[in-house]
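For this one, two forms of the same chain are given in structure tokens, first as structure 1 and then as structure 2.
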Structure 1
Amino acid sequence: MVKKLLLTLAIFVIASLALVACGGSEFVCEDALGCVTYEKGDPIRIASALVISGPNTDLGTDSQYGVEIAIDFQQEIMGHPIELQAEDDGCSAEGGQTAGQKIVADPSIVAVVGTSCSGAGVPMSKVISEAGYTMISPSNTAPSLTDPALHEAGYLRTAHNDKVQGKAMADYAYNVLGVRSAAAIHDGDPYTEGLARVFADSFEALGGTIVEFTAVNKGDTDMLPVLNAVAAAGPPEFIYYPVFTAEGGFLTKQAKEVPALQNTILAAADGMISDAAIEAVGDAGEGMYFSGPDLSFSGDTYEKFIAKYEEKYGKKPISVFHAHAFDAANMIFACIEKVGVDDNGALHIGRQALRDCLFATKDFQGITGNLTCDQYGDCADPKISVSQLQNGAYVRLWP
């Protein structure tokens, strides 16, 4: 009985192998990194590697929603539906590396949207690039990732380099708001630490004084001691804390409870541009400034996007990088359309061609602005806008 079954199975296997051998197509791939081929009707597969577990989940889940909506809007490319393979970068180096290895083990994946966290992006960009794949991160901001000496060949991002954003905020504070003393607070996350540091350095370079450069920990709730310390140091005219919603909410609400900080201007970064953040800061956030991509997105794509988001997930966006992820996915789709070769319904995509196309992206109309990629993979619109929270909504003030 068993033998018979095994025999049947073996025949089955051999027959199927023969089938594969016969069914070869005539297309010859000349791409330096090889091609991905989708048979007629097969879905185009892209992967995401975002943080979807652990305390930073909001960040990744939100970006993943962005990619899913991009897929919903796009629906198909050259007759092929699009499928998302969602991986978790764990917001850690080891998580990023494992996710990367999993993705490159699957030859049917053509490109990656990820990672959420810069820490995960460093090892993953290595794995992805070495395997000939290409990734676009919606929310890595660490300068090292696109540093000419460290950049990996297959790495791009639609998020702003901390260098750009920190400097823009310093510029705005010094030149437009006219403040001369400031404090910066980070929370030990590479993103916030990098941004706060760039802000502080730029602000000092402009001639301002940083009265206090300090940090809290993720998970802290009582911010009054640190805010009192900041107040005692100055009090500064301006506090910049480019942290995420949870800690940012605590900092904002509690800053209003420190008498000496009543006239201090509060400012945060794109980690806190979301409806969840507006709700978290509440009335205390009224008049607060935010640096980040231009969120008064002109055009109705973003409105359509938000409507879809609410319909699909039952809530308003929980973080800001959904927009960057949406743009990243659309950049990939646009390039697939450009470099994909149709072969009687089958689709061939050269990996090098796709990568070249992505790096050559110019004036791409995304919802985060006009995206143009440089040779080191920085694609974000170089214009950082500063907006203010007025009556519970972000209003763009600058530029």
Structure 2
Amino acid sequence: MVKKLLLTLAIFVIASLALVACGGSEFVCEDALGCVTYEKGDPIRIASALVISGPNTDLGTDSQYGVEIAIDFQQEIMGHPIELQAEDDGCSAEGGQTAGQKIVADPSIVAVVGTSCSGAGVPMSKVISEAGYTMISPSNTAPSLTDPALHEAGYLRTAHNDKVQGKAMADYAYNVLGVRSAAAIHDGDPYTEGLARVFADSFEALGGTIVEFTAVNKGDTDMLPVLNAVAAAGPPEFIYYPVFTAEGGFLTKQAKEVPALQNTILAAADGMISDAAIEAVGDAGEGMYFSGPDLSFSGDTYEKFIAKYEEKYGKKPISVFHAHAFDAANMIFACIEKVGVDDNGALHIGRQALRDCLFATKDFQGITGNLTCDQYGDCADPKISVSQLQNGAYVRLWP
């Protein structure tokens, strides 16, 4: 009986080895969301969905460069090169919807870095999540995207939550600049409205007065009706308009045409920190303030990153979320290495396993800080600074 058992076991082992030698092993995917399989030598495919056209191009292109540099540094994962499919989020809900649908139509894409704009992130996060994919945004900051009641299962971000930025700008206006009255203007986008609301609430909590909380429409060029209404309500000592480049340029220039606002301090946010925004505000922007991520990064990795950026693209970073995009891509790469299954050169990646790994990220050492993700996808080590436009350059003032 023992001899028969040993003989059977030997035959099983020999057969198993023969099967493996012939490349005949069968991987069975038991992941709840399915698996992405790359055959031996095939590239691992990730997508980006960033604003790479229109007036906000600098914002998305800067992040795109961050992803590309992360790929250059990583080179390969488990013997597979990395390939990027770049989509445009259009900085709009329609653009986010379209980019998301295109991405999920391709089963070879394992994860996404995007979107640039929160307005694009809202619909895209739903499309991506329902299809079982996972995305990490480098620059969505709207509080709604990680709100427990609204969060989509496959959505994370390395950007700060505007609950932090709005409070910081209110603190700067009230405690550093010493203003006691302010107005806030948004354009209806989840990012702009959310940030304006947090600023207004935080400013009032400090003891200040919000004389007007109002909005322009995306695409508007005549801002005088709104600016005159703001002036009539105060005029305020301070106006915060965390909008994007085109609308921000018109608001800045036309505020100078309203007599009652001549002594009012103007301020915007990270949606207007770019070379394009400097051009849009022109001379009218001299001396205005901007809140955004603190870019006082340091360390060997960032020094190598900047050197590569300048070598590859021939210029210094053109906006503020390049490092957040670099970190997002590297979080994806790290989790692929953790959950990927090597099968004689083929690579299998479970979509749920990858998603679970990303949400479990803890103490990830990125350029932007020490990243730990919560259950709703907030991963940032949030640091906010305030800069002032001086002689055509953003000069960091605070903290």
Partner chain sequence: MRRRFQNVNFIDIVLWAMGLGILFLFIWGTIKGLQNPKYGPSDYANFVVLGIAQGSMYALIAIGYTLVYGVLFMINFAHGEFFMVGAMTSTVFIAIPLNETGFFDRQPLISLLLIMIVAMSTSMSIAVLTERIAYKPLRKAPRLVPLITAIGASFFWQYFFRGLFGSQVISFPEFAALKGSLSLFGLEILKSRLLVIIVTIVMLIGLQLFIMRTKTGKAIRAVAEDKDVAALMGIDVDRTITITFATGAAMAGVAAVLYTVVFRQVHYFMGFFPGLKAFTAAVLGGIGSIPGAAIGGLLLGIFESVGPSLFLEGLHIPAAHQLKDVIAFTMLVLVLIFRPQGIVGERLSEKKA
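When a residue number appears, read it as a position in the sequence of structure 1, where counting begins at 1. We call the rigid core the largest set of C-alpha positions that still match within 1.5 Å between the two forms. It should be emphasised that the depicted structure is a prediction, and the values quoted were computed from it without experimental measurement.
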Correct structure when looking for the form predicted alone: 2
Post core alignment: A229 C-alpha displaced by 2 Å or more between the two structures: yes
A159 C-alpha shift between the two structures of 2 Å or more, rigid core reference: no
Core superposition between the two structures, C-alpha change of T264 at least 2 Å: yes
Once the two forms are fitted on their core, CA shift of A184 between the two structures in Å: 6.3
Once the two forms are fitted on their core, CA shift of D220 between the two structures in Å: 10.2
